[in-house]
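One chain comes next, on its own, written out as structure tokens in the form predicted alone.
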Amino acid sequence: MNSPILSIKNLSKSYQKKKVLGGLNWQVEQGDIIALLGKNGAGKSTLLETIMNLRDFQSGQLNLWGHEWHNLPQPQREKIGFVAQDTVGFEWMRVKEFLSYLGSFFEHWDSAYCEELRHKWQIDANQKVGDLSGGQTQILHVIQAISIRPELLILDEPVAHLDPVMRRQFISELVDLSCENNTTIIFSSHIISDLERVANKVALLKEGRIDMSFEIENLKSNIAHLKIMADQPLEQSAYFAELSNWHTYEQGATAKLIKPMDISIHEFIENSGYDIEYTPISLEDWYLEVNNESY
């Protein structure tokens, strides 16, 4: 079995006295497209920038392709693409100069692919970077990052300023990139519908650690709103202990299943001894539920 492309063990990071990441453990396998979710201030940008060696950490271990950053061979470093949440710099350069200049640092820079993407997203080669709109600036940095044909692509809120058409084109490009190059993608965004279209796994960053990590299809098929029918009010018993948001009413109870169990929903219902109706929960609703401190 191949070693994970990214392995993090007991990672901790603090700013002054505030702990942002604490005892974080995470593994990312080659070819995964991971939706990294978390509230504002949860530490998503800090985590991604730490992976990129743009921020130090106080304790723990972080390996890429089995290497710590200071031992990571240059050819491997050139296989990492990154788009930060705030894309600033090079405002005085023209677009064609910006792409050519940054591309020169990467041995496997694909200039033809870069030009194809620039045409597709209608970025004027002669326009100055500083004169681009917010969405165009984001797309320009995305073009630069994926034109190196990366093996690992890290994206921190890259679509916040894009209109729906550009977001759809962007998602399509990520799918193609992953399929053609087996690119591993870690993608942070608050637009859950976009992540759901492209990701095969989801990870939730909460209270400084990866609180949950699931394959999306397995997650979606095993989370639901439940209506448990009985001839009297139904209190939550040990059998239903894994359900959250339990509400008793005159003829049973309602609850939510937000963490996949060891058995399927169907088996859980069959073994319950009750008539239970269930309605699947969308990924966006699931995200809102698990960010509720009461679960």
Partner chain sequence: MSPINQSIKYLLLNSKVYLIILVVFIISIMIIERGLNLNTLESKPFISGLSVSDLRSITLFFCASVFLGVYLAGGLVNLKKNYLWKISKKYKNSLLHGFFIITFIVNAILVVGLNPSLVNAKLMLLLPLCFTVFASQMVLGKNLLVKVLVTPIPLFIAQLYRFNVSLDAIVMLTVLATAILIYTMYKNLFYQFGVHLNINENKNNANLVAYATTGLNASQLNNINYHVGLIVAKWITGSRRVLDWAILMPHTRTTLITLFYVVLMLATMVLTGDKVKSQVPLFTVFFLPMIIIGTLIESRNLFRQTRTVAHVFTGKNHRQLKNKMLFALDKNIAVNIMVFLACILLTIHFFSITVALQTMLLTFVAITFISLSIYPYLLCLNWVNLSALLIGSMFIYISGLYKVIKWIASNPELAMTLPYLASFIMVCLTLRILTQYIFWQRKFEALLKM
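All figures in this text were calculated on a predicted structure; none of them were measured in a lab. Numbering follows the first chain given and starts at 1.
Although not depicted, the form predicted together with the partner chain is the subject of the following passage.
Looking at Thr183, you'd find every heavy atom of it more than 4.5 angstroms from the partner chain in the predicted bound form. Among residues of the shown chain, Lys120 is not one whose heavy atoms approach the partner chain to within 4.5 Å in the predicted bound form. In the predicted bound form, the partner chain sits beyond 4.5 Å of every heavy atom of Pro164. When contacts are judged by a 4.5 Å heavy atom cut-off, Ser188 does not count as touching the partner chain in the predicted bound form. With the partner left out here, the partner chain still marks one of 216-224, 124-132, 173-181, 189-197 in the predicted bound form; by a 4.5 Å heavy atom cut-off that stretch is 124-132.
For the marked spot (Arg77, Val88 and Met93), a heavy atom within 4.5 Å of the partner chain in the predicted bound form is present in each of the three residues.
Checked against the partner chain in the predicted bound form, the residues Ile265, Leu62, Ala230, Met52 give one hit for a heavy atom within 4.5 Å, which is Met52. Shown here without the partner chain, the chain has Phe90, Glu91, Trp92, Met93, Arg94, Glu97, Tyr101, Leu102, Ser104, Phe105, Phe106, Glu107 in 90-108 lying with a heavy atom within 4.5 Å of that partner in the predicted bound form.
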